[in-house]
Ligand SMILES: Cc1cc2nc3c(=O)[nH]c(=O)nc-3n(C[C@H](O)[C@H](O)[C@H](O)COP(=O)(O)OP(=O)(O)OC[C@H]3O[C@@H](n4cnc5c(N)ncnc54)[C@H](O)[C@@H]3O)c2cc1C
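The chain below stands alone and is given in structure tokens; this is the form predicted alone.
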């Protein structure tokens, strides 16, 4: 494995730091004070070098330090911790893996799907525990989550999935139209399925809080440090403009940015999703749409979902509607067409809020495999390079649990004792399906998106 950086995908986004000051993209990033950390400026030797300072890299560092505090761990981050998806996502910590539980059972079998979802619920609980234990001020709310049906076809599928969930021992609840009115009011919402366990967070506050936690454990983090090259071997060499880091082990915690470094470029798509944010709602406005009582996080049952939730100051973050792959795998923070489509859909759902102003709009890059399943694993000529990525837009809980899965494998591989761990999930050492290079990949993705949109229209979703 020999990886080299391709700078071209980054040419379509502005730098995270300009004239020494951090340049936030999302609303969440505006709620944290960020002093950009110094870049690497020397050669280093360490036990573990981690490429990427998002939730995955922070989680792996955290769990390694918990089990073996004397490990020397270095995290390298191109921009600042929490600038990528970890500081821009919708803030939903939920157990979703694959398209949904029904899809997972169809693809994997009920036993494997049930085990995967139980692991995901452990991931949700783990996040809550870490936040509580370290008193991370990230606006965590245990709101639960409702999948909303807007058409007959989706109701039928939701009924089948609910039966499956109960068969596997999960405590989901059916909400008919009247029951759903107690959570959210919209004429187009026919029914829903309530999962009481998910929570919401301010993602940027969580990322910066985790950064402080792992630094307090002795982890060295270098921000503003681009990785130019990773050279396989023992040790692994990670080359940056300011120096080379030689690690006994390495972790690729890059998710949607993996392809820019050449890792699984033909297997993980850098797909983009977008969010618009309203001004704060008054108590009367919240009451008018029935959201004041439970504050549940919400998602519509469509191919191109809509996901929405309340912020701590009662704004509505409304995302989804479309997902875009850009030519050449380039990265984009904005897509005006999708922003306008989101605003139109919001007003369609909530006509009483048609005069509500939108204050923010942003987007970011996801790592997505064809079948929507993630990939964790171990590789390299010396089997000392580990990875976790392809969360498909539902990675808040799993990426924060990545260390619980990878750390024991890494410690054992290095000859250390390791604590008990959740076991290797089905996606450990799973290689996602191969995709052709551009322009075929880009054109194929556009055709696939057109089919998904047509399916939504036909169903009336």
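All values reported here derive from a predicted model rather than from experimental measurement. Residue numbers count along the first chain shown, from 1.
Unshown form predicted together with the ligand; subsequent notes refer to it.
With the partner omitted here, the residue from 270, 374, 91, 192 that has a non-hydrogen atom within 4.5 angstroms of the ligand in the predicted complex is 91. Only one of the listed residues (386, 145, 318, 391) places a non-hydrogen atom within 4.5 angstroms of the ligand in the predicted complex, and that residue is 391. For residue 291, no non-hydrogen atom is located within 4.5 Å of the ligand in the predicted complex, even though that partner is not displayed.
Although the partner is absent from this view, residue 253 contacts the ligand in the predicted complex, with a non-hydrogen atom inside 4.5 angstroms.
Contact annotation: residue 78 falls within 4.5 Å of the ligand in the predicted complex, judged by heavy atom distances.
Shown alone here, residue 98 lies farther than 4.5 Å from the ligand in the predicted complex, counting heavy atoms only. Note on the interface: of 392-400, 66-74, 427-435, 35-43, the segment with non-hydrogen atoms within 4.5 angstroms of the ligand in the predicted complex is 392-400. In the predicted complex, just one residue of 293-330 lies within 4.5 Å of the ligand by at least one heavy atom: 307.
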